[in-house]
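Quick heads-up: it's one chain on its own, the form predicted alone, in structure tokens.
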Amino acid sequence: MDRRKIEENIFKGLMNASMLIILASLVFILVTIIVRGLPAMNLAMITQTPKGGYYLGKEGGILNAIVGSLYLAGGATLLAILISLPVVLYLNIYSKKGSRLVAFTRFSFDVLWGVPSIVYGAFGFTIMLFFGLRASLLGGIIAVALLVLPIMSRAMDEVIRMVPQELLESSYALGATRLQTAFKVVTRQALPGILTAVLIAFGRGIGDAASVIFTAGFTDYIPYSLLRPAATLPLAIFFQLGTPFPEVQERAYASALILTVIILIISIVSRILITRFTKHIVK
């Protein structure tokens, strides 16, 4: 057999093995969560806040953590969009191609992407101390926004860079300004990819615990203000698993199942929206 054929078969086998490992890991995680979490699941889990002694096996649910997670991840994602989209559009529309500023900005995003989330939590905590803020929903939103900002920005950047240059030149030829081209042509053309970037950032934000443990705090109540502490599902799972009571530990798997279902629903909705917007893309 030819040497190139042997190499091709080896690497094909490695790729297939990698795919099987990933799929097996996913199935194992899902089966574990479902088998251990489903028996502990009940209506009270998603409709009630924790009652007195909840973490000792008493009554109540995790509605506070569900709402808190959605508030925090939603607010952080919105804040990250307001920062990252203008930056990415500037890099691709206004700045000179191949300039040092563009290269340095993209390199900075790559570095920030690899920074551990606990570092963002510590940085957010430092900012809170500087402004005299306590652990709150606002602090958690800022910390998570900093965490997902480089992820969202790099994903958007790669998508917008794929927009055909001819499309931009056609827009300029018709008399459109750079601002009009950026928001009415480029953004619309890259909208499916932008939605994917938002989804990735939202999923990263709603599932992170390290960045909010110091900044968002924890409470048994639903936050009614940005300056009040907010519970999150990852921290609820962490605290439930940390108790010595098997019943409460089983609730942790039920909480993990709820978190997984939330992300699954968001993924399905986003896929539907992406499919819908893809029909309007110029190919």
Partner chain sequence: MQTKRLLKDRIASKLMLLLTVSSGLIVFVMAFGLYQRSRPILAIKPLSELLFSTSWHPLRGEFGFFPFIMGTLWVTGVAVAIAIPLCLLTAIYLSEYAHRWVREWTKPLIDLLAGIPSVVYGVWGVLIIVPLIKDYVAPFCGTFSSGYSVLAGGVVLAIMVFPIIIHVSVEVFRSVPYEVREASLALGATKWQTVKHVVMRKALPGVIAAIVLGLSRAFGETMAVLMVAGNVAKVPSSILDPAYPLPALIANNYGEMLSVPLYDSALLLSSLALLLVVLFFNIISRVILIRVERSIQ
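Positions refer to the first chain, counted from 1. Bear in mind the structure is a predicted one, so any value in this text is a computation, not a measurement.
Keep in mind the form predicted together with its partner chain is missing from the figure; the text below concerns it.
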* Asked: Within a 4.5 Å heavy atom cut-off, is residue 228 in contact with its partner chain in the predicted complex?
  -> no
* Asked: Does at least one non-hydrogen atom of residue 126 fall within 4.5 angstroms of its partner chain in the predicted complex?
  -> yes
* Heavy atom to heavy atom, is residue 91 within 4.5 Å of its partner chain in the predicted complex? -> yes
* Residue contact check: residue 272 to its partner chain in the predicted complex, 4.5 Å heavy atom -> no
* Structure fact -> Only one of 238-246, 46-54, 219-227, 64-72 sits within 4.5 Å of its partner chain in the predicted complex by heavy atom distance, namely 238-246
* Asked: Of these, 138, 198, 213, 159, which has a heavy atom no more than 4.5 Å from its partner chain in the predicted complex?
  -> 213
* To do: Would you mind checking 41-80 for residues with a heavy atom within 4.5 Å of its partner chain in the predicted complex?
  => none
